[in-house]
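In structure tokens, the next block holds one chain alone, the form predicted alone.
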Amino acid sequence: MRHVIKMVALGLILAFALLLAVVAGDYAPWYFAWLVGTTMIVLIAASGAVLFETQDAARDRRRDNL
């Protein structure tokens, strides 16, 4: 059942992306670059936050062991 839900969700995302491409028309490359850039910035910021939390937790464990 989970696979069916995943496939439906991915299908909806694909349909939305196609609709966005059709509506964007001549501006499609600009919108595509904006969406990809925004997504990359969010992912990089999230990975930085995860890295910081991991390092902070490791520092706390080392301090507790001393």
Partner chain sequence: MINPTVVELSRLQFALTALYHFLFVPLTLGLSFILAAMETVYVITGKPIYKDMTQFWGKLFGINFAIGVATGLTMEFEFGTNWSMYSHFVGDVFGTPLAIEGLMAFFMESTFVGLMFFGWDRLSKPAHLAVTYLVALGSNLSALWILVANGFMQDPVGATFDPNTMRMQFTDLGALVFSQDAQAKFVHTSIAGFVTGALFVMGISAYYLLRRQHRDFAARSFRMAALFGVIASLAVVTLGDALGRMDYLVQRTKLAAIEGIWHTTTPPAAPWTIFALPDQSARKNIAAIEIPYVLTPLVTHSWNTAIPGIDSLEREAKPKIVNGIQAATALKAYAGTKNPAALAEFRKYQSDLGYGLLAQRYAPDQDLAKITKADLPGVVDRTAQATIPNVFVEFWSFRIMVAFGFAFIAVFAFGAYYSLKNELEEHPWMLKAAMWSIPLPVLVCEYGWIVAENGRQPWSVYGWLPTFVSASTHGVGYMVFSLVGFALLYSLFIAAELYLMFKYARLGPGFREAPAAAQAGAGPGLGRPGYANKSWE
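Quick caveat, the model's predicted, so the values are computed rather than measured. Positions refer to the first chain, counted from 1. Basically, rigid core = biggest C-alpha set you can superpose within 1.5 Å across the two forms.
As for the form predicted together with the partner chain, it is not shown, yet the points below apply to it.
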Residue 16, heavy atom within 4.5 angstroms of the partner chain in the model of the complex: no
Contact test in the model of the complex: residue 48 vs the partner chain, heavy atoms, 4.5 Å: yes
In the model of the complex, residue 6 touching the partner chain (heavy atom, 4.5 Å): no
The partner chain contact at residue 42 in the model of the complex, heavy atom, 4.5 Å: yes
Cα displacement of residue 22 between the shown form and the other one reaching 2 Å, rigid core superposed: yes
